[in-house]
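We begin with a single chain expressed as structure tokens, specifically the form predicted on its own.
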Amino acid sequence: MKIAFAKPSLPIEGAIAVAVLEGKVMSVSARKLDDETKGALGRAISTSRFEGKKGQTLMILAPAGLSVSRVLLIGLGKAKDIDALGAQAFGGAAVAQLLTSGETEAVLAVDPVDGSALSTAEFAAQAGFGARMRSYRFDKYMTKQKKEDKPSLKKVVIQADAAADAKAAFVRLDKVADGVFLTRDVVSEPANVIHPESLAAMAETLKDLDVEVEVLGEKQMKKLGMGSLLGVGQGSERESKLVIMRWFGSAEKDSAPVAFVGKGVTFDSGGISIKPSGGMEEMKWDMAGAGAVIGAMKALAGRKAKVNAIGVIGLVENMPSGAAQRPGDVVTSMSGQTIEVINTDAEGRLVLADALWYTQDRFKPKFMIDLATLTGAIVISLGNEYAGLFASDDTLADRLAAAGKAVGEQLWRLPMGEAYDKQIKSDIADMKNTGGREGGSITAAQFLKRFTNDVAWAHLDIAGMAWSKKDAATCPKGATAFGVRLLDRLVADFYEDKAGK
């Protein structure tokens, strides 16, 4: 979908979306339309339950006297509460209502809002971002869609007095949306399309943005001693891969990079410890952590972020076969530490163990952040509202939480400690890969920490956030790309060169 910016002008063809504050306070554009229709909009509001609360919408077929086909009223809530997320929700609500309406073009009228902390330009840019984010569809395999279910909206024009400034601010946001869409695409694809080799190929497309991409195969990983990662994929006919993406955007090319590490289990059957059949089809998105890392790297490179960044993703398929890893097997990780595999369905941590060690050993980063759909326990703990945050460094944890709040990708920090670490003590190896049901997300994090070699590190358990079964303000149900905006904002706020801020 094309997003454009222009100064307010009439007449307008197609649909127009205008804002209403809580308490039925119409924006400047809404009042103008009301005047042109001799109070028709005001009467429509007064006879409805629409009050201008955040997220409320009211669609009105255009009254006589207007050139537009329909008017969409969108509630902003209270002026003092309007922030970037509220502006995004305004754009997202417009697209959600109009995407399949039959309209091909829509105007979003953005006016100054007294009492809001956002400037008109900022609001307009964020509204455009929300509109584009909500326009996402993954329908490539639908061959018999009804006409009324197909998207008709092709263009959204954001009209604001500060159109030029808004357009300039949108450029960066548009590149972030590119990263989000790539992640949503790869997470949405079925496992017969996205597997280690094809996902590695998707990562290689970032070369077009001057990202250096390197792909290691099983022979290379075996030579490096990655027995932990390789053990997970040994039951599959698909060869496991390790992908390294490097973006050098800092003026100091030799400065230590930031590093993102992603779990990329392209399908997780559970292996010999096989999962129940109900819902197993959802395990195509067990690579959402890797998908988020690819998307974040695309966002950073696309907007030419002034930072050195490394993305490392471990790609495997966890399948049961005569060659598969068994419960009770002992594997040796790249770090030299041995692991007793108690449960082959606790495989993501085995992949990350070698990926984390490789990252810190080769690149000596400022910090490492891993993202993984790691445990069902985190969904039981936090539901689908927060991702779990575990960290060895308080400053990194605080910065991640702040970035997450700013972009609406919320994190909740959970404890770690020696008592939890004791739960993964093995009788025959250095550790075992699961510590039982109690504190399952925490013991998984304790396991990962053993492979960070004291580098500042944070672990994001995104199992409850990678996929949504309901529509949200700027994301239709399905793959969310959780983590892309979060990592981009973290870098933008705290780790880019001063000149790039």
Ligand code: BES
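These numbers come from a predicted model, not from an experiment. Sequential numbering from 1, following the sequence displayed.
Quick note: we don't show the form predicted in complex with the named molecule, though the next part is all about it.
*Asks:* Suppose contact means a heavy atom within 4.5 Å; in the predicted bound form, does that hold for all of R134, K167 and L173 with the named molecule?
*Replies:* Checked in the predicted bound form: no contact with the named molecule for any of the three.
*Asks:* Counting only non-hydrogen atoms and a 4.5 angstroms cut-off, does R349 reach the named molecule in the predicted bound form?
*Replies:* Yes, R349 is a contact residue.
*Asks:* With a 4.5 Å heavy atom cut-off, would you call T434 a contact of the named molecule in the predicted bound form?
*Replies:* Close contact exists here: in the predicted bound form, T434 approaches the named molecule to within 4.5 Å, heavy atoms only.
*Asks:* Considering non-hydrogen atoms and a 4.5 Å limit, does the named molecule approach F123 in the predicted bound form?
*Replies:* Taking the distances in the predicted bound form, the answer for F123 is no, it never comes within 4.5 Å of the named molecule.
*Asks:* Is G102 close enough to touch the named molecule in the predicted bound form, meaning at least one heavy atom pair within 4.5 Å?
*Replies:* Flag for G102 set to no.
*Asks:* Quick check on this chain: which one of L118, A377, A162, A324 has a heavy atom within 4.5 Å of the named molecule in the predicted bound form?
*Replies:* Of the candidates L118, A377, A162, A324, A377 is the one lying within 4.5 Å of the named molecule in the predicted bound form.
*Asks:* Between F390, F90, W285, F129, only one gets a heavy atom within 4.5 angstroms of the named molecule in the predicted bound form; which residue is that?
*Replies:* The option sitting close enough to the partner is W285.
*Asks:* Tell me, please, which stretch of 67 to 75, 191 to 199, 306 to 314, 337 to 345 lies within 4.5 angstroms of the named molecule in the predicted bound form when heavy atoms are compared?
*Replies:* Stretch 337 to 345 is the one.
*Asks:* Select from 51 to 82 the residues with a non-hydrogen atom within 4.5 Å of the named molecule in the predicted bound form and write them out in sequence order.
*Replies:* Contacting residues: none.
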